[in-house]
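Shown below, as structure tokens, is a lone chain in the form predicted alone; questions about how it binds or moves come after it.
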């Protein structure tokens, strides 16, 4: 397969790129950190192609991606997280998260959707935080809730053209980004588990890939409750 993955400088994106390359695929490895990208691709020869650009910049995305060949699989994984104190709301922080996680997604979609044909797949990296409103995740959660909506809408519209679209909703994964969290992360998994679960789901063209199942299943179950119940239960959990 010919695959493109954004956010391959670290974390889940890096592990996915390594695993797909090890399986013999050709992978366009995208990110902003040129030294890390070149270190990633060196062991795999011509099958690994580094692409350094900033997803926040539409012109940068189009320049880097427009000339690419037709792709079998696109995984839009690039993202960031900043937590907000709602009583002292930081609009600049909110904008930074939205620009990378959502506007960056749109910039990539503009360039890459034309590279997808019938039988190909597109996957958007979200988060289990899209299932429930969580304190301090105003920016991150909002961006991932929008990503979930976007993925499901694209699944309908692009599905008519034979393009499969999936939404990925991990729980906590051991990455440099999650290492910055200053709170407990229940059922956190490593990137090996995350990559294996994502690749398994994409191979089977699952519409929604969420893991670990016990954690994300609990989140999804709570999301079915009325909001007043959600708020009550979350307050109890967070205060305990």
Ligand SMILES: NC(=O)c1ccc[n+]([C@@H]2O[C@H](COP(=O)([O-])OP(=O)(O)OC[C@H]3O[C@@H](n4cnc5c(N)ncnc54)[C@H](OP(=O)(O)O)[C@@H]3O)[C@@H](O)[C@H]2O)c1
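Here the structure is a predicted model, which means the values were calculated and not measured. Numbering follows the first chain given and starts at 1.
Just so it is clear, the following notes concern the form predicted in complex with the named molecule, a form of the same protein that is not shown.
Engineer: Quick check on this chain: which one of 48, 65, 209, 173 has a heavy atom within 4.5 Å of the named molecule in the model of the complex?
Structural biologist: Selected option: 173.
Engineer: Name the stretch: of 87 to 95, 125 to 133, 148 to 156, 111 to 119, exactly one has residues whose heavy atoms fall within 4.5 Å of the named molecule in the model of the complex.
Structural biologist: It is the stretch 125 to 133.
Engineer: Is residue 78 close enough to the named molecule in the model of the complex to count, meaning some heavy atom within 4.5 Å?
Structural biologist: Within the cut-off, so yes.
Engineer: Against the named molecule in the model of the complex, would residue 21 count as a contact residue? Criterion: heavy atoms within 4.5 Å.
Structural biologist: Outside the cut-off, so no.
Engineer: Test of understanding: in the model of the complex, would residue 55 fall inside 4.5 Å of the named molecule by heavy atoms?
Structural biologist: Contact with the named molecule, yes.
Engineer: How about residue 25 - does it come within 4.5 Å of the named molecule in the model of the complex, if we only consider non-hydrogen atoms?
Structural biologist: Result no; residue 25 lies far from the named molecule in the model of the complex.
Engineer: Does any residue in 21 to 50 get within 4.5 Å of the named molecule in the model of the complex, counting heavy atoms only, and if so which ones?
Structural biologist: Result: 31, 32, 33.
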